[in-house]
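In the form predicted on its own, a lone chain appears below as structure tokens.
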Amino acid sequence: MSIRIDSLTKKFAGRALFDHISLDIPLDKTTVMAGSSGCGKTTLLRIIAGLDRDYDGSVSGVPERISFMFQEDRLLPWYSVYQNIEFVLKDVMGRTQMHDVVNEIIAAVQLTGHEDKLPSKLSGGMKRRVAMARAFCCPADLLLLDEPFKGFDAKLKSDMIALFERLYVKTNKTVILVTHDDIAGLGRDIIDLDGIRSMKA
């Protein structure tokens, strides 16, 4: 089973970003999407998520439930740390379970004690961890991560990568990850978009 992208063509202002590319992305694994800046990594994530439908070709096999961590934090500014995370769980679990899940993920991303703070009171790295916590705890069959570890110092980056590995890599969940960080251990499969774009399907 896989996510199948077939003969995908995507243009911006008449210029082809993707020109009839085809690839298979395996399920139940972490796939790292690599390539130079501007090669289309974020665009491809958005296409897979169904957020961009302005293309030719087909995309099939995408799981129905998707959690997406964008490059931008996209926190709700009027909600606290706790409420921003709780927001994605309200319709999928009861209050007691939700409370436990939210507190557990807050502790995992090292934000205990900051639950009641609004995003305006957080540092950039803290906002990034709230966005990560929200994406990680959202029940989904596919996790899309766009530069999830950017903005962290070396120690925090190492801790968050270890958390990701524990929650996703070692449990064989389906993840597509875009990162410029050291990808050792992050993915069993690596897609080089630069190489794919240079070939015709």
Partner chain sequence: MVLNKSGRFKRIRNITLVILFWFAVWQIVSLIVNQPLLMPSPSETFSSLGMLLVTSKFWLSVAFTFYRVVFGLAISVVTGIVLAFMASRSAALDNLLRPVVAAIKSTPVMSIIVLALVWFSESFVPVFSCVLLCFPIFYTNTLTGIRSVSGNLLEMSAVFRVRRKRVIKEVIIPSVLPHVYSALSVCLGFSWKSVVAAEVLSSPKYSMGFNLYATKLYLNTAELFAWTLTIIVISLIVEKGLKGILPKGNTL
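Residue numbers count along the first chain shown, from 1. Predicted model only: the values in this text are computed from it and were never measured.
What comes next is about the form predicted together with the partner chain, which does not appear here.
- The three residues 82, 99 and 126 each lack any heavy atom within 4.5 Å of the partner chain in the predicted bound form.
- Although the partner is absent here, residue 138 lies within 4.5 Å of the partner chain in the predicted bound form, judged by heavy atoms.
- Taking the partner from the other structure, the partner chain in the predicted bound form has no heavy atom within 4.5 Å of any heavy atom of residue 43.
- Not displayed here, the partner chain is kept clear of residue 122 by more than 4.5 Å at the level of heavy atoms in the predicted bound form.
- For residue 107, no non-hydrogen atom is located within 4.5 Å of the partner chain in the predicted bound form, even though that partner is not displayed.
- Out of the listed residues 70, 152, 164, 55, 70 is the one that sits within 4.5 Å of the partner chain in the predicted bound form by at least one heavy atom.
- Comparing 130-138, 152-160, 166-174, 34-42 against the partner chain in the predicted bound form, the single stretch with non-hydrogen atoms within 4.5 angstroms of it is 130-138.
- Taking the partner chain as it sits in the predicted bound form, the stretch 38-77 comes within 4.5 angstroms of it through a non-hydrogen atom at 46, 51, 64, 66, 67, 68, 70, 72, 74, 75, 76, 77.
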